[in-house]
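Only one chain is given next, in structure tokens, and it is the form predicted alone.
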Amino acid sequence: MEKKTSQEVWERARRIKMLIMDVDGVLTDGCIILGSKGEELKNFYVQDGQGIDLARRKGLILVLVSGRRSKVVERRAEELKISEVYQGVSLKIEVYHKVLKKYGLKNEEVAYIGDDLGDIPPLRKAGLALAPANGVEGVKGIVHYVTRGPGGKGAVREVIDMILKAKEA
């Protein structure tokens, strides 16, 4: 996938109806804290949550997809009113195809933000492929846009703001 100019990225963002987000390293900072009693903790950024709420109210379909399973992710999705949550997914491209079919969308109507190698197949299909600043080089090298902020520190909000501004223009 060749790098796009900011105008091309803007045009792609205008068509977006669905945002699919990886969780660890995108919606969180990628750190997983495991306590001695089995508890799991993750860092979520409040501005990302505010952006997700705004995107949902503006009609954007929101999807979470994660290779891991975590009750913390379930709880955060409930707080943010995200009903499309897929965890323990080994092939994220399968979820990508499933949600596109479910909502009758085309590739160009979907944005996908991911940070690691398991995200590459859906990133190659998405109309707008994005990576957080802290994504691995193999991912950052194929996306249309790399955020200024890292995952778990505003990358999702940056993407949502860009999509919503492009749609309003």
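The numbering used is simple: start at 1 and walk along the sequence shown. As the structure is a prediction and not an experimental result, all values here were calculated from the model.
One more form of this protein should be noted, the form predicted in complex with another copy of the chain, which is absent from this view; the next part is about it.
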Looking in the predicted complex, any heavy atom of Tyr103 within 4.5 Å of another copy of the chain? no
Find out whether any non-hydrogen atom of Lys42 is located within 4.5 angstroms of another copy of the chain in the predicted complex, and reply yes or no. yes
Distance check, Pro122 to another copy of the chain in the predicted complex, heavy atom within 4.5 Å: no
Give a yes/no on whether Val99 approaches another copy of the chain to within 4.5 Å in the predicted complex, heavy atoms considered. no
Going by heavy atoms, what in 64-79 lies within 4.5 angstroms of another copy of the chain in the predicted complex? Arg68, Lys71, Val72, Arg75, Arg76, Glu79
